[in-house]
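This document opens with one chain alone, in structure tokens, the form predicted alone.
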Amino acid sequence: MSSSAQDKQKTWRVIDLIHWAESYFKEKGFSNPRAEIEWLLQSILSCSRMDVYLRFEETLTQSQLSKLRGWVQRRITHEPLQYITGSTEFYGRHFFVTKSVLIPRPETERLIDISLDKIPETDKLDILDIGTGSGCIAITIGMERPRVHVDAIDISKEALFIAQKNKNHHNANNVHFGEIDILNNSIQKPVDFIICNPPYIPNIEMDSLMEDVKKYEPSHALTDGIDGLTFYRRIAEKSREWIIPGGWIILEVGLNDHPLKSMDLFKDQGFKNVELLKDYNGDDRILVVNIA
């Protein structure tokens, strides 16, 4: 699908584009070429993956083709599909994303599941989401537990703009965003829960990340620039000040030795009720701490 005058006169059906793009992305070294074009077409046509195939005889307009052509060129540089289309799905909901925020990942849905297991549907609890990014964690918790109050903080004005846009999109009126550097400031009052997906990749591992991540996602949301433990250390040290007795800390952790190192930070502070829970791949990915 070049941009030549002859190409622009050609009629392109959905099925033609799938066949062309599958071959093109395969040639460019993408491991799942059909999934690439399916994602782009879902956004172009504002429909589900299944509907893409139900509409396979549909012809795209010139404006749709022009947009798709630009998106394909961006994708072959390994720009993430979510940034190209400006949105993604998380916990069954639509979220806007830009390069100012980390792309919500399916693994983080496990963080949500574990948090919801601890949050009674009937209680009016105060919850703090640290490093909210797109707001996906805060908004999802707020939507799933309408009686809670969620404060969500970040140091990035650009991220908070996207988070507010997502809040407005979902009418999540029990969620509130604020700009706070939690590493150098405290919170105003203790909360019942801290739920957080901190920057946990050690700086030494950044070069080994996939090109899509390393080249495009905001580095401050991926790493603390040191050992990947800065936020865990800060939360462990401040837990008794920031969380009411009986409250909970629920944190996503990294891979390899990161989970055990994170757990040890809390044990070193004297916490007894500390456990690592596995994600759906069987990896230790969620650290849960009860504040006695």
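These numbers come from a predicted model, not from an experiment. The first residue of the sequence shown is number 1, and the count goes up from there.
This next part talks about the form predicted in complex with a small molecule, which is not shown.
> Every residue in Gly131, Cys136 and Pro198 with a non-hydrogen atom within 4.5 Å of the small molecule in the predicted bound form?
Yes, each of Gly131, Cys136 and Pro198 comes within 4.5 Å of the small molecule in the predicted bound form.
> Here the chain is shown alone; which of Val72, Leu102, Leu125, Leu160 has a heavy atom within 4.5 Å of the small molecule in the predicted bound form?
Contact check passes for Leu102.
> By the heavy atom within 4.5 Å rule, which residue out of Ile114, Ala221, Val148, Ile182 makes contact with the small molecule in the predicted bound form?
The option sitting close enough to the partner is Ala221.
> Is Ser156 close enough to the small molecule in the predicted bound form to count, meaning some heavy atom within 4.5 Å?
So Ser156 does not count as contacting the small molecule.
> Wondering, does Asn174 line up within 4.5 Å of the small molecule in the predicted bound form on heavy atoms?
Outside the cut-off, so no.
> Can Thr85 be called a contact residue for the small molecule in the predicted bound form at 4.5 Å between heavy atoms?
Contact with the small molecule, no.
> Heavy atoms within 4.5 Å of the small molecule in the predicted bound form: which stretch in 115-123, 205-213, 190-198, 73-81 meets that?
Checking each option against the 4.5 Å cut-off leaves 190-198.
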